[in-house]
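One chain comes next, on its own, written out as structure tokens in the form predicted on its own.
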Amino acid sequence: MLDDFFLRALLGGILVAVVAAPFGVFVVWRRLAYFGDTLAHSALLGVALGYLLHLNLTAGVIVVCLLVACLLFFFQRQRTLAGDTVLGILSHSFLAVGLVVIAFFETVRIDLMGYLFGDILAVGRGDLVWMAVCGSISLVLLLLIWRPLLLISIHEDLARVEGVPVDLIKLSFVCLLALLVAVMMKIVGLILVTSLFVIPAATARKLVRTPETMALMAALFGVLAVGSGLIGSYQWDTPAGPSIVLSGAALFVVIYLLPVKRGA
């Protein structure tokens, strides 16, 4: 009989995997894999501003993550720098500002490790409800912009000709992604959330052709990674979050080494 904390961790991980899968399709296609790393560095500034302005720390992280998303959109719109270059600039700049702000708090200890790595085994029932509500809202909003976002990802100029509000859709997506990551990172950790955006979707990409099938397959790989990672963590007493990430990475390696042809 499994303990309640393990079952809650399993359910929480499955929720994150299912919600992250359709977002991961566009994260991989639009080459935003380093967006999560940028948010990780920005989280430090968000926590620091939360202390400085006497705000809820999660609210501070959300505000900074949304700011990063808006700046990413602005620089991408200029088309003078590559996306990974923009993310690198934002990542290191926000990290530096966060370190400078923290230098003014000599008596405050900031638990940034909790935001980065979290503890999925500590997920409570209230956290599950919060994750389910936020995840459902995020999926509904993504569904509303799915078709225009897909057209933009395939051919942006054609999307403009078709009358798609390209700038609004792109801004909506990066803000929605940043908001989702910022909300869930405190519960399960930023490293686990961002890895479930990228690794399952990258794994599924070899097997399927359509984005809808890719999202479903990515959800399956994400759930498998969560289940096998937690079981491995339970058996060998290893950290739960990193064990899930390693399980996902192992699935990625296996799929790419096997002579599997992409589906029709």
Partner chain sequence: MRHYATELPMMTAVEQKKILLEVNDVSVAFQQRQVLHDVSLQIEAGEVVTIIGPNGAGKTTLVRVALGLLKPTSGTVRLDSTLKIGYLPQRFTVEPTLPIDVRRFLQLTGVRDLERLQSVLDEVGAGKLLDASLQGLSGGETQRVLLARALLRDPELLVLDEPAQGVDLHGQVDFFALIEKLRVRRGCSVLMISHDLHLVMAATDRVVCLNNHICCTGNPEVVTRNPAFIELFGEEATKALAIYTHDRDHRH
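Quick caveat: nothing in here was measured; it's all calculated off a predicted structure. Residue numbers count along the first chain shown, from 1.
Quick note: we don't show the form predicted together with the partner chain, though the next part is all about it.
Contact here is defined as any heavy atom lying within 4.5 Å of the partner chain in the predicted complex, and by that definition each of Leu151, Asp157 and Arg209 is a contact residue. Stretch-level contact check against the partner chain in the predicted complex with heavy atoms at 4.5 Å: of 226-234, 45-53, 58-66, 212-220, the positive one is 212-220. Contact check for Asp84: no non-hydrogen atom falls within 4.5 Å of the partner chain in the predicted complex. When contacts are judged by a 4.5 Å heavy atom cut-off, Val161 counts as touching the partner chain in the predicted complex. With a 4.5 Å cutoff on heavy atoms, Val28 counts as touching the partner chain in the predicted complex. Residue contact with the partner chain in the predicted complex: Arg147 places a heavy atom within 4.5 Å of it. Contacts with the partner chain in the predicted complex, taken as any heavy atom within 4.5 Å, map to no residue of 163-178.
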